[in-house]
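For reference, the chain that follows is the form predicted alone, supplied as structure tokens.
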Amino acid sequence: MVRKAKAIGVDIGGTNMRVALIDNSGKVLQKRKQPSRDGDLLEQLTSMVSELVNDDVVGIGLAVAGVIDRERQVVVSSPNLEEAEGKELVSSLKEEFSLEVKMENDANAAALGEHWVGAGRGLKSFVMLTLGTGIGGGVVHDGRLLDVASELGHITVEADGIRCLCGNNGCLESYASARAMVSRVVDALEQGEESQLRQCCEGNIYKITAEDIYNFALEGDMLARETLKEAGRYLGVGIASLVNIFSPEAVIIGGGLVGAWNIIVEEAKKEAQRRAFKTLIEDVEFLPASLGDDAGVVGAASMILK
């Protein structure tokens, strides 16, 4: 029997670290998940990879939140994962496992995954946005991932807006990410705004999550609904600019917040259609990412297997 080549795909985000064993058809065979701030980052990474590596594995693909120096293969800047900055993750894994190791930005990797076996399969051009702790992005043009930073979450949507962790003011991430929505809700509750959200987390408003906000929005809570709608409007502002620049066939949206599609993304779609050039956006599809949490690990593995 001929063995199929396999790779380890790793996705290190601002909240969780995911490691998976992937075959050369893009199928996830095994996977692990832990909080990404659970001790020393390199030790945790090495330990999780060692649980899945076997004789069929030909390499390791790393998807990491932040700006990647592709030549040096290190994380230069990561507002949501500062502990990864400057760490010799690639060289350390090469030495530990004697395998090929490649690194890419996590949202770029998610775009690669969706292009390989997900919602972007068969498309020549699309913009991918991942909505989670922060907002990441990747751009596929003419069938290939653009070799650019693609820090789409840090495009400015409000000139004198909220200070972002990256140092800029008014970033898309500061208005439409999970962290941004939680911050808006907590601020409103601190100022005495009425909301059923006070009932969750045993009354501790500082433990509210984006999932809580979505669940209470479904129950009709006005603060929760307005928070999601506002995030959607700002997302639409950002998408309009991206459509005007890249003229994609589709905008693919993934990440932990995609479950709130019926509120956030529908609002974003309306706002983007209102702002972008009509001839550029009228045929653009808005698609949910199909790989879910696996997009990053699948895309990371594709750097080795494709």
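Throughout, we count residues from 1 along the sequence that is shown. If you're wondering where the values come from, they're calculated on a predicted model, not measured in any experiment.
What comes next is about the form predicted in complex with another copy of the chain, which does not appear here.
*Asks:* Run the contact test on E266, S290 and S302 with a 4.5 Å heavy atom cut-off to another copy of the chain in the predicted bound form and return yes or no.
*Replies:* Verified in the predicted bound form; spot residues all out of contact, no.
*Asks:* For H141, is any heavy atom within 4.5 Å of another copy of the chain in the predicted bound form, or not?
*Replies:* Yes.
*Asks:* Whether W261 contacts another copy of the chain in the predicted bound form should be assessed with a 4.5 Å heavy atom distance threshold; does it?
*Replies:* Result no; W261 lies far from another copy of the chain in the predicted bound form.
*Asks:* So, E194 and another copy of the chain: in the predicted bound form, are they within 4.5 Å at any heavy atom pair?
*Replies:* Taking the distances in the predicted bound form, the answer for E194 is no, it never comes within 4.5 Å of another copy of the chain.
*Asks:* Does another copy of the chain come within 4.5 Å of any heavy atom of E202 in the predicted bound form?
*Replies:* Output for E202 is no: heavy atoms all beyond 4.5 Å of another copy of the chain.
*Asks:* Of these, 216 to 224, 91 to 99, 202 to 210, 141 to 149, which stretch puts a heavy atom within 4.5 angstroms of another copy of the chain in the predicted bound form?
*Replies:* Going by heavy atoms within 4.5 Å, the stretch is 141 to 149.
*Asks:* Looking at M48, V53, V28, L242, which has any heavy atom no more than 4.5 Å from another copy of the chain in the predicted bound form?
*Replies:* None of the others qualify; the residue that does is L242.
*Asks:* Could you work out which of L123, V157, V74, V117 is the residue within 4.5 angstroms of another copy of the chain in the predicted bound form, going by heavy atoms?
*Replies:* After the contact test, the surviving option is V157.
*Asks:* Taking another copy of the chain in the predicted bound form, which residues along 206 to 229 bring a heavy atom to within 4.5 Å of it?
*Replies:* If the 4.5 Å heavy-atom criterion is applied to another copy of the chain in the predicted bound form, 206 to 229 yields nothing.
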